[in-house]
Ligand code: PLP
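Encoded as structure tokens, the following chain is the form predicted on its own, with no partner shown.
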Amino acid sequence: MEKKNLDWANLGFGYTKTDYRWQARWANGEWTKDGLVTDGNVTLSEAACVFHYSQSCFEGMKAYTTKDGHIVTFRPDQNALRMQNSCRRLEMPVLPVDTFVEAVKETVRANAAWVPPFGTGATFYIRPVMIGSGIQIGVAPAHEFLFRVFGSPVGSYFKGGVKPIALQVSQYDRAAPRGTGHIKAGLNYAMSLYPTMEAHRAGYAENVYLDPATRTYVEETGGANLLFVDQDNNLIVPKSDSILPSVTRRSLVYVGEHYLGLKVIERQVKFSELKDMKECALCGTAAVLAPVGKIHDPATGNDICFPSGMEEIGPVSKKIRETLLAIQSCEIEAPEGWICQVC
């Protein structure tokens, strides 16, 4: 199978229209599978619920070309389960795990020519999304829903690849206590857009959000979880009910503990502790693991500069990242169930 003629090594993280996407519709209490379609556009009524009450959720995942030429995805069942949790919280119909995985595999298989070759550093980003497509003017859930999976070849999420980035502490809250921070709802990201652009205008790659109740504990960034390495080389994982349970974070933590022998500690992390950490990184599907060199606190004007610095990724973060990438590309053996072969 011949790949598309793209400059794979220099792709940015953006949308490129590919040949196929997979679609299903929910109405009258059941799902109807349209399967693969070629039209990249969706036509909706102006009264569709998603436009007024933001009834939408999504997932992010990737497909990879392995060294021996196969195409695989990474733990799609976990994304399916997370989308189910999002749907329950948003009063949306729950898509069966098998249907979700089938949709992902068919989308990737149909767009195999767009999946970057092994060794280019690029991947095929997959976006499953569900929206309230039915007409709804009163404040209530929609009666019809659209589920779609599409994909696009992408490069690194942050410019510079794994070069450390700078963050700032946001003066805004990402999620309310007992709110929707633990699900992947579109409305969470809409709320983060203004603070994110404020961070960019100030010269920072992202925001660090503190807990909304006390503004004492670290939660996550606008689009990724955080990890830390303390002075004893323990992997510190912030704990909070409003943090999105990242599939990538869980995988990195497993790799750190079971492949690299690190001690993993999941707990609340006070912002005041960060000055004593050796390494900091944000993690998620898009970025995988991106090292953080410093965090600026606008409230005090002070910078927290991690010993790993702004030039190179820290040694522990580097080992965890490289090991996970090797698992995803099947260069080393994966835990059972992590790799889903497409073709």
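None of these values were measured; they are calculated from a predicted model. When you see a residue number, it is the position in the sequence shown, counting from 1.
Quick note: we don't show the form predicted together with ligand PLP, though the next part is all about it.
The candidate stretches are 115 to 123, 182 to 190, 86 to 94, 134 to 142, and the one lying within 4.5 Å of ligand PLP in the predicted complex by heavy atoms is 182 to 190. Although the partner is absent here, residue 221 is a contact residue: one of its heavy atoms lies within 4.5 angstroms of ligand PLP in the predicted complex. Residue 82 belongs to the set of residues with a heavy atom inside 4.5 Å of ligand PLP in the predicted complex. When contacts are judged by a 4.5 Å heavy atom cut-off, residue 111 does not count as touching ligand PLP in the predicted complex. At least one heavy atom of residue 246 is located within 4.5 Å of ligand PLP in the predicted complex. When ligand PLP is considered in the predicted complex, only one residue from 308, 56, 65, 285 comes within 4.5 Å through any heavy atom, namely 285.
Checked against ligand PLP in the predicted complex, the candidates 225, 73, 196, 168 yield a single residue with a heavy atom inside 4.5 Å, and that residue is 225.
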